[in-house]
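This document opens with one chain alone, in C-alpha cells, the form predicted on its own.
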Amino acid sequence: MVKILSLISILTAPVFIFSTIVKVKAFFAGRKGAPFFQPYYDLIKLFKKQITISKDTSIIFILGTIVTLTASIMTLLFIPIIANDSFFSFNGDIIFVAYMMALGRFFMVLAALDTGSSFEGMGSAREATFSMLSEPALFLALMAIVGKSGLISFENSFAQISPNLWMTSGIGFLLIAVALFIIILVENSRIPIDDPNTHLELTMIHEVMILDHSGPLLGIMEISALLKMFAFISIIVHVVFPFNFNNILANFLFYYFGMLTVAVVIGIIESTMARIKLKKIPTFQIIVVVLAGIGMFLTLE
C-alpha cells in the first residue's frame, strides 16, 4: 500500500509542487494564474510535436536527454516518499543517489555542449560551476542526516530523525534544513539563483542549456526537472516534518502538507525577492556550505 501511494505521489506530486509555486506567484501578482493541471497540458502538447534536431549534434544529444530522465527516476526509487519506505534501499544508497544526481547533470551538460552553441556552452559552464559549489553543502547535509543512524541509507537515516531529536539538536537540524532549502533553489534553478521563466540568454543558467531541445525531447527535460525538484523537496520534508504515524493515509496526507509548505515558501520567495547578481552567487553558495558544516557539527556532537 505504501509503495502504491508512493507511486501515485511520483506521478502527481511534481506537478502539484510546480503548480502550487505558480499559484502563489500569481496570488502575489494579483492574477488568477494558470490552471492547476497546466503542466500536464503543456507536456501533452510537447509530446504531440515533431522533434527538430540540429544537424550539428550527435547521438550524445539524445543520449544525454535519456540519461537525464533515467537518473531522475533512479533517484526517486531510493528516496523514501510516504513514511520511511523507499522502493529500493541498501547501505550506501545516499551516496548512490548523490552520484545519480551528478550523472544526470553531467549528461545534461554534455547534451548542451554537443549542440556547439556558444550560448549553451555558457549555460553549461555556469551549471557546472554552481553545481560544484552546491555539492559540498549537499554532502555535509547528507552526512548530518546519516550521523545518528550510522547507516548510509535514506530509510535508516530518516527513521532516526524524530521530533525528540529536533528537541535535542534543533539548531543543527535547523541549519541543515536551511542549507537543504537553498540547495533546492540552486539545483532547480529557482529565484534568487536563477529564473526559470527568463529568456534573456545572458542571464540564464539552466534554461539556456535546453534551447535546442524541442517537442518530446523538451518534454523529457521538463519531466526530469520536475522529478529532480520533487526528489530534493522529499528529502527536506523528511528532515523538517519527521512525523511517522501508524496510519498510512495520515502519513500520505501529512507528506503532501509538507510539500505544500515547502512549495508555498518557494513561491513567496520568488514573489518577494530579486535575483542575486551572477558574480555574487558563488559567495552565497560558500555561505551555504558553512551553514551546512556548522549544522552537521552540531547534530553530530
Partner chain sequence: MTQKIKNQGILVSLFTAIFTYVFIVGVFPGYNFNIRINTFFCQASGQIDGLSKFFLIPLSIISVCAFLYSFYYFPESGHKKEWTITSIFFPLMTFAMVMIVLAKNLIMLLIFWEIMAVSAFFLLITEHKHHEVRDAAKLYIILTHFCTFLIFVASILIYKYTGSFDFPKAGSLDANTTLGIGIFIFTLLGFGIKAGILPLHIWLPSAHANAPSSVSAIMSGLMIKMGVYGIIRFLSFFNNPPLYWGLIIFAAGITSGIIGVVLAIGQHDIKRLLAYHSIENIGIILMGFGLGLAGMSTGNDIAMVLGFTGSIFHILNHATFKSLLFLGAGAIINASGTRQMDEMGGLGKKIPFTFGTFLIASASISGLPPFNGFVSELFIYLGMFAIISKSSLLPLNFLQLMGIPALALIGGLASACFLKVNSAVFMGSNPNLQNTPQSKFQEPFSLKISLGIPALICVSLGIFPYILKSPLEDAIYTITGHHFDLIRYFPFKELSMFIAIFYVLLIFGLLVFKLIFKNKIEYAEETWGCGYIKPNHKFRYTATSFAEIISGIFNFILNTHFHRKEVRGIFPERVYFKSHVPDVFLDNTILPFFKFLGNILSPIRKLQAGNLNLYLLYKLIAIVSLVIYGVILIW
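Numbering follows the first chain given and starts at 1. Computed from a predicted structure; not experimentally measured.
What comes next is about the form predicted together with the partner chain, which is not displayed.
- Highlighted residues F78, G121 and L300: every one comes within 4.5 Å of the partner chain in the predicted bound form, counting any heavy atom.
- Proximity of R275 to the partner chain in the predicted bound form falls outside the 4.5 Å heavy atom cutoff.
- Contact annotation for R31: none of its heavy atoms lies within 4.5 Å of the partner chain in the predicted bound form.
- A residue is said to contact a partner when one of its heavy atoms sits within 4.5 Å of a partner heavy atom; F47 meets this definition for the partner chain in the predicted bound form.
- Taking non-hydrogen atoms only, I171 never approaches the partner chain to within 4.5 angstroms in the predicted bound form.
- Here the chain stands by itself, but in the predicted bound form one stretch of 227 to 235, 188 to 196, 175 to 183, 109 to 117, 109 to 117, has heavy atoms within 4.5 Å of the partner chain.
- Of the residues I82, V208, I161, L140, just one reaches the partner chain in the predicted bound form with a heavy atom at 4.5 Å or closer; this is L140.
- Among the residues N244, S271, T70, T261, the one placing a heavy atom within 4.5 Å of the partner chain in the predicted bound form is T70.
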